Every structure is written in C-alpha cells, then in structure tokens.
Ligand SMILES: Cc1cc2nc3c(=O)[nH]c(=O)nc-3n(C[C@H](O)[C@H](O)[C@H](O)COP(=O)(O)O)c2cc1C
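As a starting point, one isolated chain is supplied in structure tokens, in the form predicted on its own.
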C-alpha cells in the first residue's frame, strides 16, 4: 500500500484551501457581528458633525455645556427629504434610509450637470436630498444642509448650518476629505471654522455671494459680510469650498427650498 505523503503538493494545496475557508468564515462572521455597531458609530458620527456645524456641540466633546448627549441634542432636529428642483418636501421617500450621495450615482435619481452649472465638480446632482431643521416652537432656529464639492485631491463632504433668518451662516464643517495636511487640510482647523458664523450668504439679489479671499475688505465695506479668509497656500481647496457653498445654496442646490422656507416664515 502506498504511504501517505503529507508533504506532497496536493496535500499542501488542500491544507491551504481549508485554512483559507476557515479564515473566510471567521472574518465573515466577525464582520456580520460588528455591522450593527459599525452602523451605530456611523450614525453617531453623522449626528456629531451636524450638531457641530450648527454650533450646538463643542469640538472633541460628546456633550454640550449643559451635559446633554448627542442623541438628546439631535432629537431637536426634524429630518426631511426635499426635492431640489421644487424645494418641496418628498413624503414618498424615507428620510431614515434615503442616501443622497448614492442617489447621485443613479441616473434615474439624479441629473447630469453641464460644465457651466457644475462649479462644485459633482458631475451629477441628486434630485432629492436631506435637510435637518431645528425649531423653537413654531419658529425655525437652525437649518443644516449636507454639502460637498471637489477640492484639490478629492471631494469634501460636510454640513452647512444656517441661522433662523436663513441668510446668516451658523457654521461649516467637513467630515471627510483628502486635502493636504497643513494646507487644504486646514479646513479642519477650529480657528478657520470659527470665521464662518455670522457670514452672510445671499446678496441683495438673493444670489449666493460667499467669497474666500486672501485680503479681507474693510469692515465698513458691503463685501465684508460675505467674506471668509482663504486657506493659505491652498488655492484649489479654497476655490472648492467657495464653489460648493455657493452651489448648494443656489438654484441647483437648496436655493428653492430656502426661498420656500423664507416665504413660509415671513
């Protein structure tokens, strides 16, 4: 009878295959087990970024000055899906599961942008998006809008918060980007982010007019209210931030929604 050769090529392949299968099962099992926690962490991170843009949660903190948690603070917001063309709410879409970025990749749920329209370098814009609205009684207190646009190395994803007048910026923050640390990456610098609250969004004609400039206008000048300091040495990132803010608050972005909300609260 032939002796068993444990070092044969066929046995080596068999052992390797079995080891790969066992490892795959273990890794898959761990991934499935951890998925709920990963989704919970993703949702928590999203809430934190929205609250920080709105000035309701300090940086690197999970509670506000009164000790309220992220979930408690976020519960003050109503999340709605809005049609970007009409500015009307879309009650046929579930805000809890709707993903605007995924919709932008679906030709049936988005629209292609021309070179002239696409100042934020998006290529396609979703037909509907999410809005986060905080009210004080019957009056609007804050509105937070998801925004994105191309910088130097990739797309910046963030949130733009507006005060009750829907004219004054409450804050801007990015939760994902690929900009160069120390240059475009300064979009994460708390000192730069502190320059956004109070900036005026629309000019007298109702057009988005935010400008990132190397040299600010005198405080007495009309242009001063629309200006934010440019990021030193980061021309493309600076231009990208300016473009994305003005795109998403313009007619192709949340402009129709903001106008409708202003009219309702006039």
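Numbering follows the first chain given and starts at 1. All figures in this text were calculated on a predicted structure; none of them were measured in a lab.
The next section is about a form of this same protein that is not shown, the form predicted in complex with this ligand.
*Asks:* Out of 132 to 140, 113 to 121, 180 to 188, 81 to 89, where are the residues with a heavy atom within 4.5 Å of this ligand in the model of the complex?
*Replies:* Looking at the partner contacts, the answer comes out as 180 to 188.
*Asks:* So, a 4.5 angstroms cut-off on heavy atom distances: do all three of 153, 214 and 233 pass it with respect to this ligand in the model of the complex?
*Replies:* All three within 4.5 Å in the model of the complex.
*Asks:* Which residues in 80 to 109 have a heavy atom within 4.5 Å of this ligand in the model of the complex?
*Replies:* Contacts from 80 to 109: none.
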